[in-house]
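Here we start with a single chain on its own, the form predicted alone, put down as structure tokens.
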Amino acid sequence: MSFSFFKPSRPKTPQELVKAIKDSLIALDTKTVAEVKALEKALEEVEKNLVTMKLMLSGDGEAEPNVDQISQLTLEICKEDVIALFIHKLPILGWEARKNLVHCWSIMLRQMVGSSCCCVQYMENHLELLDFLVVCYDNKDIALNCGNMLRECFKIPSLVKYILESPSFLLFFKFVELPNFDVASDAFSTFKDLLTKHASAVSDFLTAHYNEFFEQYEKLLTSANYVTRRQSLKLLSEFLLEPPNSHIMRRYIVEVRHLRIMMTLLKDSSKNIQISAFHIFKVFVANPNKPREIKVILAKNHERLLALLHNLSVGKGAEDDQFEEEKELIIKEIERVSRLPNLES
């Protein structure tokens, strides 16, 4: 007796799977509100296809994925414009489908096909998709998924360069202060990657857009939100201290407006913010080429600054000795500057 009708169906080839994924995603467009059942079925089909794609890309825990299949799948995804569908349909997909899609995206984006990453090339040829992902931070249902996809993209220098120059970049200054804590935190993680992953691209951007950037960044440093102040201050230290940004640092520490912000943050009610502010403030003071305007501010405020610094401590620990040593040098320099003649404004 034959039991052939119990045999499992033949696994789809990469080409067949991509066609099935594309068809099921396009089918989401053809459903009207009146066809709720049909839409639910289409969404189920998309979810089933994304599970199959995930298994093809990462294996099932027992068998390793087939390298040739991964390459064929990735190539076909690009050739059939399925990446654009993935991104544009994110708002419609269910939670599990979005999760699987993000997982697959992290694998496909770095997948080499021959001598090139075809998914990276696809994104470079469809840069508007990056803008779409950034704007999606305004949709709390998919914000974290889009954030994950963006951070994968921002491992690629050309994609970082595009967003830095795009009007979409300014949206991050809004998104990092969204009332939803999880979304705001995720947006800040993406913002941080933008400013720290590819120093040379960031250096070029800051050189070309110095005033516009720091005008926006000052709003983060002076935000009423404690988390925003603390994170933005820490991030400022990170990207200003990158060697390619040394010319930006030199420009930053000769401007009175920046010094005033650091002095204000030295008085913050949070000790963590005070310590972080000190590590930037000390560069203003230690600069051997301080302009007269900076010296005037330090001299005028030397009593309050010295009082603040004497009370500032990181506590007990390995960093305590170095901090105290640096603090002592800064105190001596402020005292020296306060005694200089002809600093009356």
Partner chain sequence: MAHEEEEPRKVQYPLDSNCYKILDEIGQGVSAIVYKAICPPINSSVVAIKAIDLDQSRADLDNVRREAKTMSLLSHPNILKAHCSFMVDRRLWVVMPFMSAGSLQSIIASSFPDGLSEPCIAIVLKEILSALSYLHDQGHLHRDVKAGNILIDSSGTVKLADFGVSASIYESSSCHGLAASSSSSSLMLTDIAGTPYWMAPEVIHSHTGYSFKADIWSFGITALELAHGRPPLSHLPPSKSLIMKFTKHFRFSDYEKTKNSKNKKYSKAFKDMVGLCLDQDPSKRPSANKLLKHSFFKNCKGSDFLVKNVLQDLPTVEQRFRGTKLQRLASMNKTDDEDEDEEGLFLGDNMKQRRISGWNFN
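A quick note: this is a predicted structure, and the numbers were derived from the prediction, not measured. Residue numbers count along the first chain shown, from 1.
Keep in mind that the form predicted in complex with its partner chain is missing from the display, and what follows is about it.
Distance criterion of 4.5 Å from any heavy atom to its partner chain in the predicted bound form singles out Lys99 from the list Lys155, Lys99, Arg110, Arg251. Taking Lys234, Lys161, Arg260, Lys197 one by one, only a single residue has any non-hydrogen atom within 4.5 Å of its partner chain in the predicted bound form, and it is Lys234. Looking at 207 to 215, 74 to 82, 127 to 135, 173 to 181, the stretch with residues near its partner chain in the predicted bound form, meaning non-hydrogen atoms within 4.5 angstroms, turns out to be 173 to 181. Under a 4.5 angstroms non-hydrogen atom cutoff, its partner chain in the predicted bound form has Leu43 among its neighbouring residues.
Residue contact with its partner chain in the predicted bound form: Thr52 places no heavy atom within 4.5 Å of it. The closest heavy atom approach of Asn311 to its partner chain in the predicted bound form falls outside 4.5 Å. At the 4.5 Å threshold, heavy atoms of Asn301 stay clear of its partner chain in the predicted bound form, well away from it. Along 207 to 233, a non-hydrogen atom within 4.5 Å of its partner chain in the predicted bound form is carried by Asn225, Tyr226, Val227, Arg230, Gln231, in order along the sequence.
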